[in-house]
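Next come structure tokens for two forms of one protein chain, structure 1 first, structure 2 second.
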Structure 1
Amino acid sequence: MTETEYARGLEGVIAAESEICQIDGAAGKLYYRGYSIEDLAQHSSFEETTYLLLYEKLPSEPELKDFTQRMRQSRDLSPVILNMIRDFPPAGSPMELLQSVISYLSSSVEHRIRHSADCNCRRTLHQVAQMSTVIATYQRFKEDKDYVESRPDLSQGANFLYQLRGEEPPAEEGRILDTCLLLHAEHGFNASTFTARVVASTYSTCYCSISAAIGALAGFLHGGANERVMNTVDEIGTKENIESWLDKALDEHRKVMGMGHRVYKAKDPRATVMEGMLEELSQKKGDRRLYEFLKHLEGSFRARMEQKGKPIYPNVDFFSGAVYTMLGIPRYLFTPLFAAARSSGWLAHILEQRKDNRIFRPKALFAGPTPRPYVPIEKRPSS
């Protein structure tokens, strides 16, 4: 590129090396530190996966026990944070609240930023563990219910449902939500993860870096796709309307939410896991309507696209909104839950950034006015 050419949005530009996440878009494979997402979904938990992301290896039994204990002890909210949630304006977005709470929380942790690359990041883990508590509590206060203290015997996923509902969820529901968190824990570079690394590159605290990343995920060009899949389901209404809705949508060149992926050219492996969990949940709850609706929509859409020679597959968002809906989670909490899950990936990227840091400071190409004299206000043209 010449000195005045550049890639808008830094598209295609390498910003850093990373060892955390490998995406094989052509084969439809995703690995966290070398372990396939299918293996992790089947055998691991959100807590163990967080350990893997942060410590670069699977934990031994005592390591996992200690780590899990630390995370679970960090789940509960202080009275000040409870007030922030209680007083939050009803018209506000829970993402704004989450962003605000995480930087506020930074003040109650001892940071050793200047002295080590680790900087205490992995010690208390409020910045990961409290996220889902904030979300559950936001919802409870919205419903005029009380704060529910966390249960240290429950996994991160099961505990979220417990704090949301005020009663212990059936075991399979807790496991399914925990797996949802695991599936969303990491996905390489994107605007929010990049934001976390840019902020961390100044040696700001990991809390403040994660807070900034939440701000990026809140933008509707980034988060919110699974919410929009569910809006599409509403818009279509009944299974009988799918064909005519698709006719119109394709005529109008509208995007079908949850279909296709910038990176995956084969099926998003997370979508396969998510679909299995949706089917399981539908079976347990004896209500297969949403599952069958989505399978019908997927089938019709893919058949049409294949006819056009454009094979296209569902991504993780296509099924996740339905899973959350069947677990009783309102739509506006989907992106906050995504943030709660991704917090562990963000933290892994922050730690990696610090290991071999260089402050992010790209250039701007100046394209503005040339120097001009200041004009006193009385001599300016009226608008």
Structure 2
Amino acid sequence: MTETEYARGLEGVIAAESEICQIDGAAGKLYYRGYSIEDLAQHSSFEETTYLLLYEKLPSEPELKDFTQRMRQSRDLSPVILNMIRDFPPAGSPMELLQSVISYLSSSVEHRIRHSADCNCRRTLHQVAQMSTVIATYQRFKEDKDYVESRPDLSQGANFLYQLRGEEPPAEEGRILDTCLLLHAEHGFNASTFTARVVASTYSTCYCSISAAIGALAGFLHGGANERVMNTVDEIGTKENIESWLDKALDEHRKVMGMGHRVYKAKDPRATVMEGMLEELSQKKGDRRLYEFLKHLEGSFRARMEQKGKPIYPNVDFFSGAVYTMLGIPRYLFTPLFAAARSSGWLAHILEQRKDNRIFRPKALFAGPTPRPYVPIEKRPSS
């Protein structure tokens, strides 16, 4: 690339090496540290996958027991944070609340530890363990309900549903949400992860890095696609309206949310797992309407695009919003829940950045005015 060339949005630019996540977009494959997402979804848990991301290997039984215990002991919130959630402005978003909580956690950590190269992040696990508790508590307080303390015998996904509902979820629902967190835990150099690494490259704290990543995820071009999928479902209304809605949407060159991906040129492997869990939930609850609606929308849209020679496949967001909906999770919590899952991936990238750090300092191609003399104010033309 020459001095006069640039890549908008850093498209195709290799900014660093990473051993964390491999995406084979052409084949529709995703690996965390060499393990396929399908194997992890079937056999692992969010807690074990978080260990894998942070420690670069699958844990032994004693290691997993110790890690799980530490992570679960870190879930509960201090009275100060409970007051923060209770007093948070009603007009504020839960993503802004998450940023505030992470910033507070940083200020509560001893300065010497906070600014060390490792920052003790693998030990404290506040950022990963407490985010889902904050989200559940935010909803509880919004409904004028009491805070529910965590259950150390429940997985991260099951515990979130327990703290959200105030009662233990069915085992399959806890497992499904835990797998959802696992599927969203990591995905390479996306906007929020790159943001975390840029901040980490300055040797700012891991808390500041994750807070910045949450801010990046809050933007609608990055987070919130599964919310918009569900908004599309509402807009279409019934399965019988899908064809006419697609006619109009394609005529107006509108994007069908949840279909297509910037990286995958085949079906997103996370979407395949998510689809299976949606079907399972639909069968358990005896309500297949949402599942059948999305499958009809997917099939009809794909057929139309293939006729144009543009095969487009579902991404993870196409089915995840429906899974969350069937689990009783409000739509405005979808993106915060994404952040709670991705926090383990962000932390892994922050730690990797610090192993062989070089501060990010890209160039910009100047396109402004040529050098010119300063004009005194009395000689400037009036507007």
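Throughout, residue numbering runs from 1 along the sequence of structure 1. Take the two forms, superpose them, and find the largest set of C-alpha atoms that agree within 1.5 Å; that set is the rigid core. Computed from a prediction, not measured in an experiment: that's the story for all the values here.
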### Message
Looking for the form predicted alone among these two structures; is it 1 or 2?
### Response
2
### Query
Upon rigid core superposition, what is the positional shift of the Cα of A364 between the two structures, expressed in Å to one decimal?
3.8
### Summary
Taking the rigid core as reference, the Cα of P376 travels between the two structures a distance in Å of 8.1
